[in-house]
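Okay, so here's just one chain, in structure tokens, the form predicted alone.
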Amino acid sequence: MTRVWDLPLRLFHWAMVVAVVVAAITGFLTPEWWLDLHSVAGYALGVLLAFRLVWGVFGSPYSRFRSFPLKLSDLHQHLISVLHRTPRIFVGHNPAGAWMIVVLLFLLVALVITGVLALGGRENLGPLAFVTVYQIGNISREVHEIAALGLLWAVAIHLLGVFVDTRIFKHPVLAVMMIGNKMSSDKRANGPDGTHTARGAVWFASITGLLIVVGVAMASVTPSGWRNIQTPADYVAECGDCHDAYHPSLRTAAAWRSVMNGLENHYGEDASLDEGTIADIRAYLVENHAGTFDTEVANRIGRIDTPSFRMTDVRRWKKQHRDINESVYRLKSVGSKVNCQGCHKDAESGRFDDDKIHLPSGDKS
């Protein structure tokens, strides 16, 4: 028995499995307010991938990419031998396994990159939020979803290959990936694992530290699509007395003008104010309307006008809230569909981050 897979590679493999499972569950099966855990899994994938790319150059012999049998002729011959149930036993990766690793790494890198761009453009969060506009984030989200589906298929094929190797050809690939040892006479496979482990630990710690420092520095820069604005006291006192003092990015300039010019019949109520107060509030709302923000809520709800000028009549608003039970809106802590702060804890800031959504306990439909 000789050591083929070094400890850093084996730890990477199983850590990657955990991170992918968490990312898949939070991406496909959980509500959008699990975005924070999904992001953590994504960042973990980014760190692990950065290490694997470096380890593919500086790792032990069979961890290095240059050892991968990637010739198409080798792949063809290997698949033919599998069909004839006479596959050659490789010390490292066989051609099919090598190509699968390339595909998996490509898809995972694509997922991390598009995930960070989507987080920055749509949510105004993450290290690239200060340079990513909403449209780039939206396109990245679509590519992210396609790559995620591609990864599911690739993982399924990978697991099928493992099943064929272990159950049909009796190759202990799982055991080898757990302990690192494999029957082989190849002297290259007998490298000192302790040396590789120490080197891997240094590389991993260095890469992790560098990415954290760079990520924190970039994430601390003001997002490109959002800014903090000072809400006038008159707006909070007058408008907030009956409902949320809505963030101005929730409506267009035309909508705000129409609302402020018709306060004598404000959705069936007389909300008249003196001209000076109206002028001040209108100026604040029009100056900071949806078109001046590049957030998700400004693009998908704020910039869409309806005849009633109600945000709850926007098709996107209805789609986003369709799974909320009507009983939620009747709770004392919520009160109505127009009380954004009942569930969006950052509604006042205009960010509406997915991970800041908190439905009152027991109110999920």
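The shown structure was predicted, so the numbers you read here are calculated from the model rather than taken from an experiment. One-based numbering along the sequence shown.
What comes next is about the form predicted in complex with a small molecule, which is not displayed.
Can we say S73, A98 and F169 each have a non-hydrogen atom within 4.5 Å of the small molecule in the model of the complex? No: none of S73, A98 and F169 comes within 4.5 Å of the small molecule in the model of the complex.
Non-hydrogen atom contact L285 with the small molecule in the model of the complex at 4.5 angstroms: So L285 counts as contacting the small molecule.
F352: touches the small molecule in the model of the complex, heavy atom cutoff 4.5 angstroms: Contact check for F352: yes, within 4.5 Å of the small molecule in the model of the complex.
Any non-hydrogen atom of A19 within 4.5 angstroms of the small molecule in the model of the complex: Close contact is absent here: in the model of the complex, A19 is far from the small molecule, nothing within 4.5 Å, heavy atoms only.
Touches the small molecule in the model of the complex: V54 (any heavy atom, 4.5 Å): No - in the model of the complex, heavy atoms of V54 and the small molecule never come within 4.5 Å of each other.
Work out which of V338, A50, V40, I304 lies within 4.5 Å of the small molecule in the model of the complex, going by heavy atoms. For this set of options, the contacting one is V338.
Go through F90, F204, W226, Y246 and name the one with a heavy atom inside 4.5 Å of the small molecule in the model of the complex. It is Y246 that has a heavy atom within 4.5 Å of the partner.
Heavy atoms within 4.5 Å of the small molecule in the model of the complex: which stretch among 206 to 214, 124 to 132, 148 to 156, 246 to 254? In short, 246 to 254.
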